[in-house]
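Just the one chain here, the form predicted on its own, laid out as structure tokens.
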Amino acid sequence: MTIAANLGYPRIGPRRELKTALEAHWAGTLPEAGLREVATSLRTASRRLQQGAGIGHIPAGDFALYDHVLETACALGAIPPGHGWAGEGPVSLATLFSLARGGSHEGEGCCGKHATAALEMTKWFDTNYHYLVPEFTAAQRFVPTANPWAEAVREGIAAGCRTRPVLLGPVSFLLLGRATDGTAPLALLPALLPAYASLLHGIAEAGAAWVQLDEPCLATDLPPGAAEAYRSAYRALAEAVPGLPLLLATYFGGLRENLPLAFGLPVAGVHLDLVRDPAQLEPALELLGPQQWLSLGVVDGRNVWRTDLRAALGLLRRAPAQRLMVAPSCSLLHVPHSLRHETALDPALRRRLAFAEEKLGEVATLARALDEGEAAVGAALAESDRIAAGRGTAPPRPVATAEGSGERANPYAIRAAAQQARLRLPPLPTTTIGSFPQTAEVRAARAALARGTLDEAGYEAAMRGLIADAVAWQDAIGIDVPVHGEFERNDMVKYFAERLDGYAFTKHGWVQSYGSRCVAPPVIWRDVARPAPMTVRWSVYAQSLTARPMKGMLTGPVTLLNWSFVRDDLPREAICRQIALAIRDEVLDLEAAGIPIIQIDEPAFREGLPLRAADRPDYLRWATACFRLAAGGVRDETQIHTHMCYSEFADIIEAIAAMDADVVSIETARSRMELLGAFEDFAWPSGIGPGVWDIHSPRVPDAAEMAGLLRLALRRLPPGQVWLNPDCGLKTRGWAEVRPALENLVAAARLVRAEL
């Protein structure tokens, strides 16, 4: 009998219940017991829904209060000092959230407390989910502090449901971490494996029939020693728990040269992502052991389009009928909960969509078709066939051909002189990334506009008042390049997508980005074009309030692509070039209106980078070309900025330089400027703004701390190229944090300028 399986389910709740509970707990209005009660109810609802949908292998332990990698580290005792953990015993919520967000703890410092920075945060492979990076040292001890996976199994059994616990595999856990003392993380594997074996023993005793070990690193180019690490790790685990079937789960790409490695491990089954790489099925079938199960991910776990059930069945029928699991390509963490409440969508679009709940139905339908024949699911197949036949016919016009120059008129050195003559900025100029706090006042005005209790004129007056206050305050503290604050924007992607043709929007299509941070990606389903200016009037108004050079703020084409659910019947490059032309129109309108600095944010530029080095040049070619197409039409004296989050520069630094922006701001505070190591062997050609304030933590660094980070940056970069800015936008922070932190940032700039 074919098993309908799932690899993971969204955690946040259909109405973002987890977000609400977390933020109430952090605000002190919801006690720990209340937060845990919300978590239990979400797990219970998820389990029941999957069971009712016909899923046979329901994941357990995939829920996390903040991040599954962080909670794996906590369960293994991989907790750096300074976060309130004594080195043994259970890990408190206070420690968990200190690792995630930073915090203050008793016992150190002149005042009895010391501030502790949060763990570094980075992207989960090529998705928009963020994970907390575990930290290790050569002396690292791994000691199980709890076994949430065994608890999840017992919770399910008590409710009449035997679940499949999901753990991050030991090799990927180490590869996704970082050693703070230069130790090779894989060297810690012998110390780690006993802790994993202990967890698996506990899971088996709790009554698990299977365990899913996620090893997504197998879909990447493995570093030296990793293949042997996999062999030794799984040999040790198979010997430690011989009666517990292990499913090795891989996703986000094909295994390619790692296929023999994966199928040669002593595991009971292997999961393959056939959405990303259907061609890996044939070689996998040749490697499949006589008793091994094959789990095939044929339902896209990362996009929102319905599955072509007929095509998926064709793939599944090529596999042996015995020992077969049907599943999504990866965890459904990356898609919204349910389409049920999206009643306002265009019917032509809605019938083509499937969110997490609908994807469970597709998995169950495919498993039933294999076991009972197509007649048993005839209606579902017929509907799928109708949708598949209509793909590509929805756009009202042919896909636009992107034309126009992507080249600036002169090289950076000439542009820089023209820009300085116009802007007259001091050394180490200060700015922010663009957004200021979206306070209750801002949200209330937006909600009133949506309800109709505030008209457009009233809303615009409210936003202008906020902009005026923000510009006056920036002038007062001495920010060299102010911004208007983006108060009128609901989201850096959604705001622009709402003003472009070709996008559609959900009401409840929320997806977790990190912790309590959720986004509702728009859906690209038609040709993209800009019918009218989108930002010009706000930037012009802000510039009228100050003599300092105002920075206009745009979201770049690559980010508008990568942070949307993109139609899958056209090349991503073609869609991105359409978006680039739309942004180019806005850039030229801002320049014509007198805005001297224009920032085209590309925080998702790296996010789209293929996992395999061999696949990256083509992506970098068209992504870079699209940015240049958007920015390339301006005059020399107009300064183009861009911002990039989690910018591990070393392997793509040449492509980022080829974007030809005049200034690039990047996230570097959590890594204490380690990311700037890429500049030791590369002569950076233009301006650079390494972040000196980690805005993902509520900590407010003082001027001395920011100045120290700036001095680290100046060891690698000449002062004439360096800007000061936070790591990212300030939308999610409060004014109580923003005001002192930016005052400290300006003070740090003045302090280091005096030292030059």
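Residue positions are given as counts along the sequence shown, with the first one as 1. Take the two forms, superpose them, and find the largest set of C-alpha atoms that agree within 1.5 Å; that set is the rigid core. Predicted, not measured: the structure shown is a model, and the values here were computed from it.
Missing here is the form predicted together with a small molecule; even so, the following discussion is about that form.
Among 597-605, 262-270, 651-659, 286-294, which stretch has residues with heavy atoms no more than 4.5 Å from the small molecule in the predicted complex?
After filtering at 4.5 Å, what remains is 597-605.
Contact between residue 486 and the small molecule in the predicted complex at 4.5 Å, heavy atoms?
Answer yes; at least one heavy atom of residue 486 falls within 4.5 Å of the small molecule in the predicted complex.
Check whether residue 360 has any heavy atom within 4.5 Å of a heavy atom of the small molecule in the predicted complex, and answer yes or no.
Close contact is absent here: in the predicted complex, residue 360 is far from the small molecule, nothing within 4.5 Å, heavy atoms only.
Taking the small molecule as it sits in the predicted complex, is residue 731 in contact with it (heavy atom to heavy atom, 4.5 Å or less)?
Contact check for residue 731: yes, within 4.5 Å of the small molecule in the predicted complex.
Is there a non-hydrogen atom of residue 522 within 4.5 angstroms of a non-hydrogen atom of the small molecule in the predicted complex?
Outside the cut-off, so no.
Select from the listed residues 542, 213, 219, 433 the one whose heavy atoms reach within 4.5 Å of the small molecule in the predicted complex.
After the contact test, the surviving option is 433.
Looking at 645, 132, 203, 369, which has any heavy atom no more than 4.5 Å from the small molecule in the predicted complex?
The residue in contact is 645.
Any chance the CA of residue 278 moves 2 angstroms or more between the shown form and the other one, core superposed?
Not so; residue 278 is displaced by less than 2 Å.
Core-aligned C-alpha movement of residue 164 between the shown form and the other one reaching 2 Å:
Not so; residue 164 is displaced by less than 2 Å.
With both forms fit on the core, is the shift of the CA atom of residue 20 between the shown form and the other one 2 Å or larger?
False for residue 20: its C-alpha shift is below 2 Å.
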